[in-house]
Every structure is written in structure tokens, then in C-alpha cells.
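Listed next as C-alpha cells is one chain, alone, in the form predicted on its own.
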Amino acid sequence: MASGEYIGAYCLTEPNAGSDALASRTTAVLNEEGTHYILNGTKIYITNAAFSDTFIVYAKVDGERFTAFIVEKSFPGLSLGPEENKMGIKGSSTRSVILEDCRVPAENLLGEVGKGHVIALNVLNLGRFNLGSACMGAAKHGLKKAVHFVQERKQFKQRIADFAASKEKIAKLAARLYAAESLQYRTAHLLEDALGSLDEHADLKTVGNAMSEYAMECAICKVYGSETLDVTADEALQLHGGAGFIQEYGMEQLYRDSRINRIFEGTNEINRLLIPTHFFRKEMKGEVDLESALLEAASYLEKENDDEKDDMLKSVETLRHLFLLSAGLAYKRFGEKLMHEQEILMMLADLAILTYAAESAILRTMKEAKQNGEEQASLKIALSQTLLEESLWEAEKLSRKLILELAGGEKAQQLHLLVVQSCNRCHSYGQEIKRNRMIAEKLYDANRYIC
């Protein structure tokens, strides 16, 4: 499979089990001889179904214990439904996988009986990281096509590329793509540190724990990457004008293909809920003291912060403390019932995503500047500043909305003022229009995304 000679498929989703994967109704019963499990059920929306030789199928042993199995296409009782007529990704095969008394050798049980959820969720974790990388690559492709087109197409006796509004679009897309690229590299490093020393002799619990260590970061990769691609596909098509709607230019395909990424590998809504949920579990385990974090955040945001830290790093610290302030208020208000307050969780997730993306970009930029000098890192610095400006505006809006929900009266007014003042101190880069025009010109010169 690693060589590509065999193709695999992942069979989890069912007609009544999507985001709630553990609601699976596919069953597995060991025969009297103890030689085979007999699987019955239907899996839907299975990617690679027609091309695959091997299927990882999840079923409940005796209707109760959620378990993973390795099923070969040649096993009797396995059949495929017709191809789904999809909006996009038409080069892939998407079919149902039907199991009717499918005989699976007992030794093809994957992991342990009743532990299939560990495999399923960890596969999804790493799949989310992988999907973020794929979306990043597709976004680069879309931005490259836009950069080419706007330099070729003329209106009002000048290139579309030369209009200031076009330059702003290009620059903001590049800044977001720089952040997506940065958080993918950073998360890859974290995953390699966790998994790189493990081999086939490691016990399953150790492997499972290592794979789940960075579940929050992987969820962010998926959400930020897929939404970066969606924004890029939309704006790149817009920069093409009418041509973007015509098949031969390739933009309408990118637009259609991008949409699925916010749905599979766990919807972006599910992933958003996972991010703060994992964080609050640390509070429940005693790994995080949110009451202390709330006080620390308020204290930090009140300060003028005239220390010697880099201005961009100060902005990241502000984003981080806005998240801690909001998370602390939320937990103080709802406690363990917070898990049912999905609107609050979604906004907290957005704050966490903004922070992780911005911090990843800034740490990368600072490393480049330290190694090669600020002149060599000038484009990265500009991209980071544009990213931070956008992130701070969005974080301020989210924090103020959360405060309205979580605090009342005079306390809410005080916290609102605190948020506004702390964000205003960070909007210190200036020359935003000039900077974005410079970023666009750099991309025009290279004829593609660069940093």
C-alpha cells in the first residue's frame, strides 16, 4: 500500500452514522468454528471504493463492541453500489460498500475487539493534518492561476493586476496561505516528534496516545486549510471575472472541488467543537487552571506591555490572552455544562484557530529573520503583519461577542474596553495599503505564491 501498488479505502460512514460514527449499525459475528467474522451492513460515501483492493471496515462485534477489520475486495459477500454523481472531485470514486454475510478471517481483526474507536479517531486526526496539507497545495495552485490571469487581462487600458483592489485581494490571500503553510510545517514537526521514534514493536496504547497528542492541532490544520482553500478558490474565481465561470480556465473546477474539504474528515463544525472540548478536558483533569488563566489574561491585557518583545510576538500574546480570557469566562459561567453551549464553543474555537495560525506564522518569520536577517525575511515580515492585522480585527470582534454572552453589566463594559485597548495597542504596523501592494508586486514578479 505504501508503494501505491494497492489502494485502500476507509469505511466508517453509514446511512445513520456520520459525524456520530459510533452509532454504526454494521455488525460482526464470529462463526461457530471461530475462523471468520460474518459482517453485515452498508457503508456510504466511501472514497476510492472502485479502485481499492483493501477496505478498513468498522463494525460492532455482537452488535455492541466497535471494532476495526481488514477486508479485501475479493472476500465473498462484499459488493459495491453505483458511483455517486458528485458536485466535485469527479476523478475519485465514491460508492457504497455493501456487506452481506461477508466472511472475514478472524486474523484480519485490526487492533483489539471493542477498541475500534481508538483506530478510527486517530486515523481521522492524522487525516485532518494530511487534508490541511492537500488544501494548502490546492490553494497555491489557485493563487498561481489568479496571479497569471490578472497580469494578462486588461481593462480600462491597464492590467487587472495593476488595480489596487486586485493587489489587496492577492496580498490577503498570500498572507492567509503563508499562515496555512506555517501551521502545517509546525504541526508536522510536532507529529514527527511524537511518532518518529515509534516502530512496529511499540505497544498499541503507546501508539494511540502518541497519535492523539496533537488532536487539537490536527483539527486546526483541517479547518484553517480547508477554509483557506475555499477563500482562495472564491477570490481567484472572482479575479477571473466571467472567465472564472467557464470550464476551460479551470477555476470552476477548483471552486467545486474545494467545497468537500469542509465536510469530510469530520465536518468543520465537528472539528471546531473538538478544539475547545479537548482544552476544557485538561481543566477537568487538573492540567490547566482556568481560574488562574483568567486572572493572568486580564492582568496581561491591562498592561501597556512596553517590554522588549518583538511587536509581532506581542500581538500573538494578545491573541492568546484574549482566548484565555474568553475561555475562563465561559467555564466560570457554565462549568461542565459548557459542552452543550455550542455557539460559545464555536467562537472559542475560532479564537484558538486564529491564535495558532498567527503564532505559527510569526515564529517562522522570526526564525528566518534571526538566521538570515530582516532584509532577507522582508516578505515574510510583510505577510505576517498583514495576517496579524486581519487576525486582530477578527479576534476583537469574537472576544466582544463572547463577553456580551458571558458577562453582564458594568463587568462587561470594563472587559469590552480592555479588549479594545489591548487590540488597539497591537495595530501598530501602519502602511497597510502600501505593504499589501508590495506583497502583490512580489508575487507578480515571481508569477506565483512565494514567501
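Computed from a predicted model, the values in this text were never measured in an experiment. When you see a residue number, it is the position in the sequence shown, counting from 1.
One more form of this protein, predicted in complex with a small molecule, exists but is not displayed; see below.
Phe264 near the small molecule in the predicted complex, any heavy atom under 4.5 Å? Result yes; Phe264 sits at the interface with the small molecule in the predicted complex.
Can you check whether Gln431 is within 4.5 Å of the small molecule in the predicted complex, heavy atom basis? Judged by the heavy-atom cut-off of 4.5 Å, Gln431 is well away from the small molecule in the predicted complex.
Residue contact check: Asn40 to the small molecule in the predicted complex, 4.5 Å heavy atom: Although the small molecule is absent here, Asn40 would stay clear of it in the predicted complex, with no heavy atoms inside 4.5 Å.
With the partner left out here, check for me: in the predicted complex, does some heavy atom of Thr206 sit within 4.5 Å of the small molecule? Flag for Thr206 set to no.
Is it the case in the predicted complex that Thr27, Tyr214 and Leu274 each bring at least one heavy atom within 4.5 Å of the small molecule? Looking in the predicted complex, the three residues Thr27, Tyr214 and Leu274 all stay beyond 4.5 Å of the small molecule (heavy atoms).
Would you mind picking out the stretch of 360-368, 289-297, 86-94, 190-198 that comes within 4.5 angstroms of the small molecule in the predicted complex, counting non-hydrogen atoms? This holds for exactly one stretch, 86-94.
Go through Val231, Val113, Ile160, Ile270 and name the one with a heavy atom inside 4.5 Å of the small molecule in the predicted complex. Looking at Val231, Val113, Ile160, Ile270 one by one, just Ile270 meets the 4.5 Å heavy-atom criterion.
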